[in-house]
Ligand SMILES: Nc1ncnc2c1ncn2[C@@H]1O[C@H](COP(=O)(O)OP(=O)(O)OP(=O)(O)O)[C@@H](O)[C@H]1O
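Next up: a single chain in structure tokens, the form predicted alone.
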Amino acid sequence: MTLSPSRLMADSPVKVNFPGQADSAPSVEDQKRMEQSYNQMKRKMSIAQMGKAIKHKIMVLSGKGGVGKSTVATGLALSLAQEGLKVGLLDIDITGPNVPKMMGLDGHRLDVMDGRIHPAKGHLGVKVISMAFLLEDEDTPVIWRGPIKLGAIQQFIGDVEWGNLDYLIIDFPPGTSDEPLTVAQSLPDISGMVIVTTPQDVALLDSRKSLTFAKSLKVDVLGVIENMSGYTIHGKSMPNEDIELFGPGGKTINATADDSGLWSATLDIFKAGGGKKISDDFNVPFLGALPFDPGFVRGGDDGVHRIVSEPEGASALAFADVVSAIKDQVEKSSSSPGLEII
């Protein structure tokens, strides 16, 4: 009978001889090392199986904070789910997890069965995993050094029962550090990376770092999304009347009312066109622009994303266009080999 690793761990009569320890049981330290090696091997097998069960895995990054990356990642997941696809959303932001609040899952606790973690289910059936589910108090800070974060991320990937998914959207903290590197090393067949930016120069500077980082990871860049691209205002005047508005920086904006007197104009609060320019500079696709929408602030606080509250609204339609562009890029690019799995 072949002795499996699990049986080796379970059957205490089995003895292993170590140098200088003839016919003696392994020490506590040796047993811990054996358990760690076995658990690591089991997790690698689980991650490999997970890679086959999830068709497309997309990393969502931003070079800096405050660009609405988590809002965009959540919106992408919900927009894909609106199309009837099976979607998972993995919140890798260990120290500042916000996705559960946006998905109406505040206070939720995860179920663990047979040693496997089962995701929570948010709007439109999106499966969600986040560090926030493990915190007793939302005010509790997570003060972890790199190796501990690495272990937690590998657990989120390898010990979760995602089931079969069409898409897994992975939301990262800002920057290019442990989290994206760990995922790129741990998760096989990543479809690609999406970079979220806003139009202003400071955000674009950091986004350039993210694009260079993606190349070093050997992960395909599916494209750049320009968030908070412009704020559209609406009004009513006399039919066919010409309207003159004074926008940010004193810029004059002209609009013309239609036959019923309705007009609209878009204000470039954070400039415009930066996302397209950086896409051209790095020769990567521009996936589209998302409007500045105060409804995202209310929706994030209330746990009802704009796509759920107004599925036919301008923001939901903009997300649908971006998702369509992402799907086109996923179909064009083959799965990236990525880095060696650790």
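Numbers for residues come from their place in the sequence shown, where the first is 1. No experiment lies behind these values; they were computed from the predicted model shown.
FYI, the form predicted in complex with the named molecule isn't displayed, but the following is about it.
Across the options 250 to 258, 224 to 232, 179 to 187, 111 to 119, residues that bring heavy atoms within 4.5 Å of the named molecule in the model of the complex belong to 224 to 232. With the partner removed from view, the residue among Pro285, Gly68, Gly274, Gly288 that has a non-hydrogen atom within 4.5 Å of the named molecule in the model of the complex turns out to be Gly68.
Contact with the named molecule in the model of the complex, defined as a heavy atom within 4.5 Å, holds for exactly one of Asp93, Asp159, Asp268, Asp220, namely Asp93. Put simply, Asn98 is close to the named molecule in the model of the complex: some heavy atom of it is within 4.5 Å. Heavy atoms of Gly192 never reach within 4.5 Å of the named molecule in the model of the complex, leaving it off the interface. Remark: Pro174 counts among the residues lining the named molecule in the model of the complex, judged by a heavy atom distance of 4.5 Å or less.
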